[in-house]
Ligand code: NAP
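Okay, so here's just one chain, in structure tokens, the form predicted on its own.
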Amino acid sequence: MTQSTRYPKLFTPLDLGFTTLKNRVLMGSMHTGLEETENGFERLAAYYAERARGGVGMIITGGIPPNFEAMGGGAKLSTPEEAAEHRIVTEAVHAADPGVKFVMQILHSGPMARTPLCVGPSTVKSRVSPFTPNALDEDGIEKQLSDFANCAAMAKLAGYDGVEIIGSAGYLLSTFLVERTNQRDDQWGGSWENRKRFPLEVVRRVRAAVGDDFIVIFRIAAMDMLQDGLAWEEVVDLAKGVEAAGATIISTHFCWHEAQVPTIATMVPRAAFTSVTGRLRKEVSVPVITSNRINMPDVAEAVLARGDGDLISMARPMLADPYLVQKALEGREDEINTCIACNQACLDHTFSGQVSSCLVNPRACNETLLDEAVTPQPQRVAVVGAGPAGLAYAVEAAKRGHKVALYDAAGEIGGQFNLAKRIPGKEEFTETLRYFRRMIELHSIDLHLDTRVDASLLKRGVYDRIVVATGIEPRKPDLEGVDHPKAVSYIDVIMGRKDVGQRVAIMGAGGIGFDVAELITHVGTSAAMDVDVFAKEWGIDFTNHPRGGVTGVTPEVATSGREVTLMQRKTDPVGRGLGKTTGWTHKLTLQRRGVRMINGVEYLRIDDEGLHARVNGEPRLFEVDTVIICAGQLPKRDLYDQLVSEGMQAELIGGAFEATELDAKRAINQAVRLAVQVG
């Protein structure tokens, strides 16, 4: 490879004294869940090796606990036998690229460990954990310190080039730092000098255990988004102390799992927090990593050019495209499969105990499984429907050498993604459509837009395989007055084809209902596109940096002024079915805009008065101007039924296969898995 002139800072090596990073891009830590699966280390080896081949300068693994009480998920590392399993992964990574630095994150979950053995400085229960931690006594503290050092030594034995110690996010080290979770009155608590003692001692012990020629990274909560969190002066003092204790690099983090500020969701602007890293960088001498919502090379280059960091961490973007760095170096940015920060297959899986993957790249963490597919014999394949499922199938099949024709009745590709991209906060979906357009060109897929397909057309094409990805159609409920002028479809609202009144009822509180509510209550610039708007909406003070970085005042969210009621039939709390790591942000945003959320609703009729219903058995009239119907979807199978009736074989995928709730993750995953089997 030759140096890219477009990204001179991104591709400048970084000299660490005893070793050199070949560029300024690293794959940040993300737990995959593979450590607990059958053949997990072999699957991890394939996963990380592919990212090494993709051009990154450094890879940091998902968190590995140093002992049983630290286990919040993941295989611990405390014995030579466990180190031998890790060597399967380290050898694969170094064989893929001897120049990449492979670093293991030591994660002690502290009060958030999923075990009754969990420990903390005090018996302060985390809001996101079912267990109350056991307060560490002096012997317990000494054990934890020794276990950190031992884990680092085992990591070196396993062939890693370094370790990262995570001291943020509400995990063990950060709970020592913050007064609300450290209520001790001994040498490990009380004053700031005492509260910082434990994490600094961890760094000292780790450095002593691994020697001088080993990378030690400390991940610091540069802005923890927590009321009464760390003050800026404490962050700076801790960073200086960490440097003096032997850290090679400091990595900035902007998270506490209990904080009610989104930091990695798609509604967060790109590179929103890097200015904080830039401030801290001026206070220390070691290199500093910045992160969060940096998903394209031009964004990373701009961050480095501003002086907001020495290294750029991209975790989820490397799930989406393991070859992101190589593509940037070779001027192929339009081929990057961009992370859209949806969290649906990565973090949502992590926090629900599933193996992680990626919505836009289901191959992530499944490399060995999909590579075992049959060797293809070139076939002529027709894919009808250019929504997410059809696009994913067509591209995967074409990559494997098949001749693919892709049809859609619309004038553009994308299907339901063309609705999603119109929702404020979901602008990133345009990147996925850009990627698929480029893949269609690159792999010579024969695209036919504005084309309605029937059996006769497919017969003339003499295709070996026909795939029906015709998507969904909105379900029209059997409701008196459903054709009343007040009643409109969610598609017509999102596409701007129907006017929406001042008083609105939304029938259906799934993901689509929330998106519609976001759209019709939003006003002004999308927070995802403007850091200042985002900071105002979530109460972040980047200028004065109060404790935790948050003002403590309930943010005032600009709203359209509409009176909106979001309804659902189920008696479950509204929003329960939304994404585990992002659903709360959507719900909180709408609540701040005054959207009412009602469950247990039985819809009766729509008429001139509005929407008649029963709520928990009690009659109720909602005097509204508009009723937006988000009452689910039905598979659109007309073509499939026609093909079957004429004796033609076809496969159903995506919404045409199952349309209970629009689910791009499921649709794309299904499409890719079926496409690799074509042969």
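Everything numeric in this text was worked out from a predicted model, so none of it was measured. The first residue of the shown sequence is 1; numbering continues from there.
A second form of this protein, the form predicted together with this ligand, is not displayed here; the remarks below concern that form.
Would you check, heavy atoms only and a 4.5 Å threshold, whether residue 26 touches this ligand in the model of the complex? Residue 26: no contact with this ligand in the model of the complex.
Does the 4.5 Å heavy atom contact test between residue 180 and this ligand in the model of the complex come out positive? Close contact is absent here: in the model of the complex, residue 180 is far from this ligand, nothing within 4.5 Å, heavy atoms only.
Using a 4.5 Å heavy atom cut-off, state whether residue 633 contacts this ligand in the model of the complex. It does: once this ligand is placed as it appears in the model of the complex, residue 633 has a heavy atom within 4.5 Å of it.
Residue 515: touches this ligand in the model of the complex, heavy atom cutoff 4.5 angstroms: Taking the distances in the model of the complex, the answer for residue 515 is yes, it comes within 4.5 Å of this ligand.
Within 4.5 Å, heavy atoms only, one stretch in 472 to 480, 252 to 260, 227 to 235, 538 to 546 touches this ligand in the model of the complex. Which? Among the listed stretches, the partner-contacting one is 472 to 480.
Find the only residue in 189, 307, 511, 269 having a heavy atom within 4.5 Å of this ligand in the model of the complex. So the residue touching this ligand in the model of the complex, by this definition, is 511.
To verify the annotation, which of these, 168, 313, 126, 568, has a non-hydrogen atom within 4.5 Å of this ligand in the model of the complex? If I apply the 4.5 Å criterion carefully, the residue I get is 568.
Quick check: do 48, 301 and 366 each get a heavy atom within 4.5 Å of this ligand in the model of the complex? Not a single listed residue reaches this ligand in the model of the complex, so no.
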